[in-house]
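As a starting point, one isolated chain is supplied in structure tokens, in the form predicted alone.
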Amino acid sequence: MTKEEWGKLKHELRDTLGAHNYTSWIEPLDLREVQGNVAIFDVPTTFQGNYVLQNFGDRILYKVAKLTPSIKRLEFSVPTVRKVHTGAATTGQKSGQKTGETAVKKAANSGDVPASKSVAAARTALDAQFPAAPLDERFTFDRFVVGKPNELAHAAARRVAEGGPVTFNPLFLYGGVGLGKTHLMHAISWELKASHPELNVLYLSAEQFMYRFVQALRDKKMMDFKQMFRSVDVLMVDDVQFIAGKDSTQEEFFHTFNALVDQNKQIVISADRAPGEIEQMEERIKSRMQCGLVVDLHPTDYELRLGILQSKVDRYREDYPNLQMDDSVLDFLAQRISTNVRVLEGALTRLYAFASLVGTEITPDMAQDCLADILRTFERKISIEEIQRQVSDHYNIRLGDMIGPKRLRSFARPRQVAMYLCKHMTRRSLPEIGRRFGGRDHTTVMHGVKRIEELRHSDAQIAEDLEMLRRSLEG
């Protein structure tokens, strides 16, 4: 088949596919050459080649084979790099390498700019038109404090940041506000940019994705938009729940997702809830987000919050070497601000700023006064009765048996768990807690709290029960 014969076939395809499809997808195709039983076509973009292959490939091959029966396969490529092909992978790879080398040689002989530079220039133009979201220099792996609630998410993020073969796609991180989702995504970006500068890494929020999609529609630059998002090596979209209910944006996100997965490119997504729980999100998108690794960042426990504060204090000591802090302040903050790491870090920042301006030591009393508004927001309003009811339901025992005089282990252990939670989740005194548990002495409460504290570190089941109950009560 010659280029003239292909030109005639294109006009036949116009009658078959319609003027719009012809102008958008078929007219840009140029026959480069026929190698054996393969017809190789040049396409402007990878996305365009993928689209033509998936939607019109069979009809083009049928017409081409009628004219030249020896042609059994079509291949679509951009200059120097084969992007899309039909048939066996090995054959396609060899063919792509050969045609790529031919293109480079032709460019060198003719004095044209090599295609790789043209692609780089196009990417630079696209980056200027759709700039990536800025990365926070503080959000690196070195500054991410790892604990039991986030260790799986951290390990998965580390694996993605290695830049090796894609092992799970997508990586979906979800959890409440201030638990570290954005921190991990920024850390992946920083790590990849440092160790694999050749990779095209794009991080943005779902809101930014939607804004750029609308902007491209308005400016009639959808092909540029599609090319940009389908040419990345790693795409990270933060707070994907934002596009729920926005049909057009979801449609484009769905096609972008599929195109990248088909090319074995890494996708990382975050949300404030699990994929199946995002209302007004299309089922097909939920299904694809669930096909990779879905990781829940649990609310922080006391040890993790304390570790985060200690890490931040170590950095503050460099900036405020003369400021003194009472050791009990960190314990006070870790106990009282329990659900949002950003607020926790902000509280510590406020303390250091206040102490440096006033010239005073940071003490629990000073923290209480300085952070009064924050502490009121996180004031524990959980009642002893609510804790007793939740614990009895969790262990499937009657409330009367838990607070009654029976000393059977099946009742005593839940009773101690409830006492422990009352001590840490309410501001009630030990004598008052004892009175609510059948008139027991405060020393009994102290013994129960101490026993659960010991078991929490040695008994995984107790630790899990405490975490589940705490999350249930705080939720």
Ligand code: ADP
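Everything quoted here is computed from the prediction, not taken from an experiment. In case it trips you up, residue 1 is the first one in the sequence shown, and so on.
Just so it is clear, the following notes concern the form predicted in complex with the named molecule, a form of the same protein that is not shown.
The partner is not drawn, yet in the predicted bound form one stretch among 170-178, 258-266, 222-230, 323-331 has residues with heavy atoms inside 4.5 Å of the named molecule: 170-178.
In the predicted bound form, no heavy atom of Met402 sits within 4.5 Å of the named molecule. The closest heavy atom approach of Leu371 to the named molecule in the predicted bound form falls outside 4.5 Å. Among residues of the shown chain, Arg143 is one whose heavy atoms approach the named molecule to within 4.5 Å in the predicted bound form. The named molecule in the predicted bound form comes within 4.5 Å of a heavy atom belonging to His183.
The contact residue chosen from Lys193, Arg342, Arg284, Arg218 relative to the named molecule in the predicted bound form is Arg342, the criterion being a non-hydrogen atom within 4.5 angstroms. With the partner omitted from this view, the residue of Phe242, Tyr316, Tyr211, Phe139 that lies near the named molecule in the predicted bound form is Phe139 [heavy atom within 4.5 Å].
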